[in-house]
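Quick setup: one chain, the form predicted on its own, written in structure tokens, and binding and motion questions come after.
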Amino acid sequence: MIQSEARHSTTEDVVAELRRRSTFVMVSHVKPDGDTLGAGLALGLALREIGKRVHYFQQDPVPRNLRFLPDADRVAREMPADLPADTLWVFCDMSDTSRAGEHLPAIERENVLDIDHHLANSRFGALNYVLETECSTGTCVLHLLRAMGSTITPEIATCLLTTIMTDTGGFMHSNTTAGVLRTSAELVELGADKEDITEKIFANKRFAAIRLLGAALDSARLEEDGKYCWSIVDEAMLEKFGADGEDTEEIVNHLRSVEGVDVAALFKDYDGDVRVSLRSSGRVNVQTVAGRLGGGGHFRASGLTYVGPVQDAVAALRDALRAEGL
């Protein structure tokens, strides 16, 4: 049996619990990306292969660019009423349960498995499998699948490669190590469709998204002697171009690509919140920047939600960046 006070769980601990339990719910975070969803789908597919009952909880709909993933059509907000009391809820790629959203049912900690690779993970589960040196939560799952002796089918391989490509920015970020490339090559050999993943996630943008990108770049600002580039996307812009939140995902990377820029920020002022996406060249730790304002993430890619007007968010982030040495 698992211990309710466990802080870190070994691979053996987690595998034993995966084998012991009969029913699982894979949980993705709000505004899901390829890592949170791909990791849960990969583990879910493997557990289904050995006869386990698996469901997938996600508060928000599956993004358009991730609907190609195997089992994505089984993701839902509503869960069956007949889930056993000892169902194991597996949280993928989140630092605490609040990231799953307000519609998450009440769950006892003894029924929580936390799988993640973020430094700021709060170890909120009875089982906490947090591998901070991994490039994605999906590669944490891969360790578990190997230890279980699972067959990595082409469908599972596609989910896992999606997590890697999402969190390495298509192999462009600094977390793309030699080991990551070797793992990716292995997944391709096992049947992952790299071309399809590339097309769906990185190269298949709606015209509305391209028009929105142009407007965001047109209104972008350079500050701090050209080291900081930021822009805002608001409700009026989305309405003008027929765009939505999914169409904003790559904008911050374009801001970061400007010559001389150390940090880029995109302020997303719609749906009642100001959400801020941050990217760094590596000189400034945007994880600690975001942490100053209640957010988190990784050294080079982080985010936060600001409660208040967008111009106050702009000022608060500017102060946080200066405090962190920009």
Ligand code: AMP
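Numbers follow the displayed sequence, beginning with 1. Because the structure is predicted, anything quoted here is derived from the model rather than measured.
Although it is not shown, the form predicted in complex with this ligand is what the next lines describe.
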Among 65, 58, 277, 280, just one has a heavy atom within 4.5 Å of this ligand in the model of the complex, namely 277
Checked 311, 22, 305, 10 for heavy atoms within 4.5 Å of this ligand in the model of the complex; positive is 305
Among 255-263, 289-297, 65-73, 37-45, the stretch whose residues bring a heavy atom within 4.5 Å of this ligand in the model of the complex is 289-297
This ligand contact at residue 301 in the model of the complex, heavy atom, 4.5 Å | yes
Does any heavy atom of residue 109 come within 4.5 Å of a heavy atom of this ligand in the model of the complex?
no
Quick one: does residue 99 come within 4.5 Å of this ligand in the model of the complex, counting heavy atoms only?
yes
- Message: When the contact criterion is heavy atoms within 4.5 Å, does residue 123 count as touching this ligand in the model of the complex?
- Response: no
